[in-house]
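First, one chain by itself in structure tokens, the form predicted alone.
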């Protein structure tokens, strides 16, 4: 049975920066030594709404970057899309406001033991964890190519930063406002062939991850993806974020994406379940 990330802790964190970047907010928190244990793919769960709020459940946010250096002892950076009530409350806070954070949570991306050609694919603000991952891969001597996609140019996060941190950057937008018109999956086969990609890392909407997995499976490539499911607790208790996944013996089990993920082997996820328990799932009698 999987357990919560052994490095996880709860602490109050001061906001030291909150800047609007396009459609998103880039926020930096003084997190002390928590930052030293954060890895690309991990996330944090933040208490939102304040002490008088009816929003009793925490909100999960993927870690954009973490640093254990500097005057604050350690910092955690998040890219927040102010879509829901909780994220709007968070992005409305001022510098020096304090929030309660639990982290780091979840699994992280696996890093090759030897240099490899990696292709990183992100959709919208879901691409945030890939920037820190790109840095780690580059330090290991890997070739790193990145594809960022969104519905429009304003929803591509930090394209200039992406270009600086990888060997090549390709941008796609569904409306053609930037880069290549279309979806990320349309350019993947050509990029894989051009750069000799050996492993794909992806973050973004579940539909996009499923489409990427079709391509990786057809080409026999390893695909590590950070699944995007709503997490009500973030620590494996509530069971709201379960998805069907094959275990090492091939048995399908409803798996908690908060502690068994969010980073998973794309080949083991049952992508066509349509949010239902598939026939043959362990323990299912329907």
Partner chain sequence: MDNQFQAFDPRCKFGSKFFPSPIFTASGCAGSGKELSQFFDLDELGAVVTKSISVKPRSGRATPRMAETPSGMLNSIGLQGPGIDQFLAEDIPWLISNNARVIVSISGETIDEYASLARKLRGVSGISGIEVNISCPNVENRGMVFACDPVASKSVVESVRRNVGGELPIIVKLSPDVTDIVSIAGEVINAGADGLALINTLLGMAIDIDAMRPKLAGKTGGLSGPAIRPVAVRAIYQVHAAFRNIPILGMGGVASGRDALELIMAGASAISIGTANFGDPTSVVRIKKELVDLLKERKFSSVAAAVGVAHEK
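Positions refer to the first chain, counted from 1. Quick caveat: nothing in here was measured; it's all calculated off a predicted structure.
Although not depicted, the form predicted in complex with the partner chain is the subject of the following passage.
Out of the listed residues 158, 99, 102, 80, 102 is the one that sits within 4.5 Å of the partner chain in the predicted complex by at least one heavy atom. With the partner removed from view, the residue among 277, 267, 15, 23 that has a non-hydrogen atom within 4.5 Å of the partner chain in the predicted complex turns out to be 277. Proximity of residue 58 to the partner chain in the predicted complex falls within the 4.5 Å heavy atom cutoff. The closest non-hydrogen atom of residue 47 lies within 4.5 Å of the partner chain in the predicted complex. In the predicted complex, the partner chain stays beyond 4.5 Å of every heavy atom belonging to residue 65.
Under a 4.5 angstroms non-hydrogen atom cutoff, the partner chain in the predicted complex has residue 242 among its neighbouring residues. Contact annotation: the partner chain lies within 4.5 Å of heavy atoms from the stretch 256 to 264 in the predicted complex, the single such stretch among 219 to 227, 256 to 264, 36 to 44, 23 to 31. Although the partner chain is not shown here, in the predicted complex the stretch 216 to 240 places heavy atoms of 229, 230, 231, 232, 233, 235, 236, 237, 238, 239, 240 within 4.5 Å of it, in sequence order.
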